[in-house]
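Shown below, as structure tokens, is a lone chain in the form predicted alone; questions about how it binds or moves come after it.
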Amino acid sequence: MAAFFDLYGFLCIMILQQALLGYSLYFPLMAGQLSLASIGFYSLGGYVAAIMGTHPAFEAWRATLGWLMIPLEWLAALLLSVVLAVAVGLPALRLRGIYLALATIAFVQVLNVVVLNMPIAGGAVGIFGIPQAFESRFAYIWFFGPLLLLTILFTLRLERSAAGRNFMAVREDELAAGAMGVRTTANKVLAFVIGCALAGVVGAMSAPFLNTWNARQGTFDAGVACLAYVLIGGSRSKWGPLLGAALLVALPEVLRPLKDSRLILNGMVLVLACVYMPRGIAGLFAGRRA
């Protein structure tokens, strides 16, 4: 068992981390919103933790608070993400379909440009030497594991609540939901804020785990990868982001002996999954139960 964790501990934690990012996109999708903004908030949360963990301005705080600085970084990332998500969501979520996706992509690109021109964020080089909470990287499972469990429990509770039913009503037919008295814009903004807040906290946890942080963490490619976790796993199942992340993160490692050919097979798996599993991996299990 120890040998397994030595070899695959980092991979296991990456699956948990990427699954959480998948859930950050799952919540807007519950309300029918194709948003790619979560990866920008993930990058923002990482910068918050990196700056608070390394900048001399926070040195007195680190000396006074000790390990309590870690949850304070999470809280700061959460609050900043919520405020910015509301500011972005109120105007952007009046758009629909591909126009909303383009607006959120534009937001991520603008955020990257702003970060690259901020000296406090290290510019294109980024921030190095972020203090780690644990000596062993595998110990970070005690950060990502409980957060993933809480996220799944929250999703289960949300789907059975009035808010969750409102989200799904907006997803199925926004005009009909509005005619029935559902506040469509408010519910879309709420789903968007929940996803962005989760992404910000995951970013704050990930910066010490990776020990370095730069603008490459919040690229468009990373956002598409997170969207793939949800679509391949199942965009209408609470287990979809976890199943999709487990497959797509582990698959390149499984195919590593094939060297360069693994990229071709990885792409073929994605194409076949989209064609033959339109409801994702979770949809296959749902079909068998039916």
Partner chain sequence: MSALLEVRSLSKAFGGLLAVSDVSLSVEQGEIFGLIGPNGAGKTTFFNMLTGMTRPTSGEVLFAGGAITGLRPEQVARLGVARTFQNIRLFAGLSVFDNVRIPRQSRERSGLWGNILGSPLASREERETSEAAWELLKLVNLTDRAMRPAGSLPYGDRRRLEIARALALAPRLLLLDEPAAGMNPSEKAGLADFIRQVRETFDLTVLLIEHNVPMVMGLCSRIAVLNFGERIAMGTPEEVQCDPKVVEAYLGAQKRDAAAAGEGACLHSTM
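All values derive from a computational prediction rather than experimental measurement. Positions refer to the first chain, counted from 1.
If you look for the form predicted in complex with the partner chain, you will not find it shown, but the lines that follow are about it.
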Original post:
Of R137, R94, R165, R216, which one comes within 4.5 Å of the partner chain in the model of the complex, counting heavy atoms only?
Top reply: R165
**OP:** Tell me, yes or no, whether L175 is in contact with the partner chain in the model of the complex, where a contact means a heavy atom of each within 4.5 Å.
**Re:** yes
**OP:** Report whether the minimum heavy atom distance between L148 and the partner chain in the model of the complex is within 4.5 Å.
**Re:** no
Original post:
Quick one: is S161 in contact with the partner chain in the model of the complex, heavy atoms, 4.5 Å cut-off?
Top reply: yes
Original post:
With the cut-off set at 4.5 Å between non-hydrogen atoms, does G181 touch the partner chain in the model of the complex?
Top reply: yes
Subject >> Interface segment, criterion being heavy atoms within 4.5 Å of the partner chain in the model of the complex, picked from 98-106, 190-198, 79-87, 206-214 >> reply: 190-198
